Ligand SMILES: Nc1nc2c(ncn2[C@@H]2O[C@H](COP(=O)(O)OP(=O)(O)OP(=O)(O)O)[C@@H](O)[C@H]2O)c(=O)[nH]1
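One chain is shown next in structure tokens, namely the form predicted alone.
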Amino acid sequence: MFRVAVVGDHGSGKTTFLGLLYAALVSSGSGKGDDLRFHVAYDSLDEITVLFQRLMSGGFPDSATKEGLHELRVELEMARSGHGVFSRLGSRNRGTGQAGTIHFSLPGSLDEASPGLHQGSTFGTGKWRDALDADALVMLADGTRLAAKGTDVKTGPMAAYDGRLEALFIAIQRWRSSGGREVLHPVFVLSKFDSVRPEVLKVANVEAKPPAVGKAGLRVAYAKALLDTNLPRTLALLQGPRGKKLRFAPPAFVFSRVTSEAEGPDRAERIKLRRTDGGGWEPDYSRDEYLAFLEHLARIASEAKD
């Protein structure tokens, strides 16, 4: 089983991210002719179904949904073919790949984690064990909090979060100093990307929209132009000298967007819905980013099995 931990501060969009990931699976793998097939484990189904229905009706996750969702286990076919890493689960050609389970966990909010974890300690971490022993660590960077290039990194809005991420990586290094998985795959998710302030993008000298999925080099440069100012300590740690026991893979980047409608006098902020090809409705979100993220996970999970 390939383990993925999703971390971030309170309100950074962790639950919404997991719900939109499931929505991408449903929209791309529900029909008999779809290339992507998946299966959700029974013990994850109730919570993710509630979240999915809420998103499909235009509502953001409420507090009860956030409290109830801690994990999601998805079975995917991890095949190498000319059509991508996904093939059809249950198809007659299943022998071309390996079925595997990706386990997503939400251990909690970093700004509410134990002080010991913030100091790099691995003692008494509870649910954070999932993050310490993960194959991939997904870190949400709230787009509404990104500061413009040139901001004092020690006092910027992301400074404290940067320190907490750095401490988490130090805790992971200590945890694996005597064994465990030898490679950790970091993934930065720039959440609420449609709400990044225009001046932040302008000063970073980047376009309003990130490079398209598939343009790996351009996407890395684009993301680092924004994150070098906001998460410098975390990026420096990942790019620094590698220890003997744990190696960090090159980071991947996801630009997560979901369009919202402003709240009014009699209603809360809601998700804007759009028509699907089949005539239904779904959230107006960056589905291609989520499918590319799933393919990335499927590929590295498949390689880890070799």
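In this text, all values refer to a predicted model and were calculated from it rather than measured experimentally. Numbering starts at 1 and runs along the sequence shown.
The following text describes the form predicted in complex with this ligand, which does not appear among the structures shown.
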{"property": "This ligand contact in the model of the complex: residue 289, any heavy atom under 4.5 Å", "result": "no"}
{"property": "Proximity of residue 260 to this ligand in the model of the complex, heavy atoms at 4.5 Å", "result": "yes"}
{"property": "Exercise: residue 63 in contact with this ligand in the model of the complex, heavy atom 4.5 Å", "result": "yes"}
{"property": "Interface membership of residue 283, this ligand in the model of the complex, 4.5 Å heavy atom rule", "result": "no"}
{"property": "In the model of the complex, the residue from 173, 101, 151, 109 that sits within 4.5 Å of this ligand by heavy atoms", "result": "109"}
{"property": "Stretch from 156-164, 211-219, 179-187, 193-201 whose residues place a heavy atom within 4.5 Å of this ligand in the model of the complex", "result": "193-201"}
{"property": "Contact set, 1-15 vs this ligand in the model of the complex - heavy atom within 4.5 angstroms", "result": "9, 10, 11, 12, 13, 14, 15"}
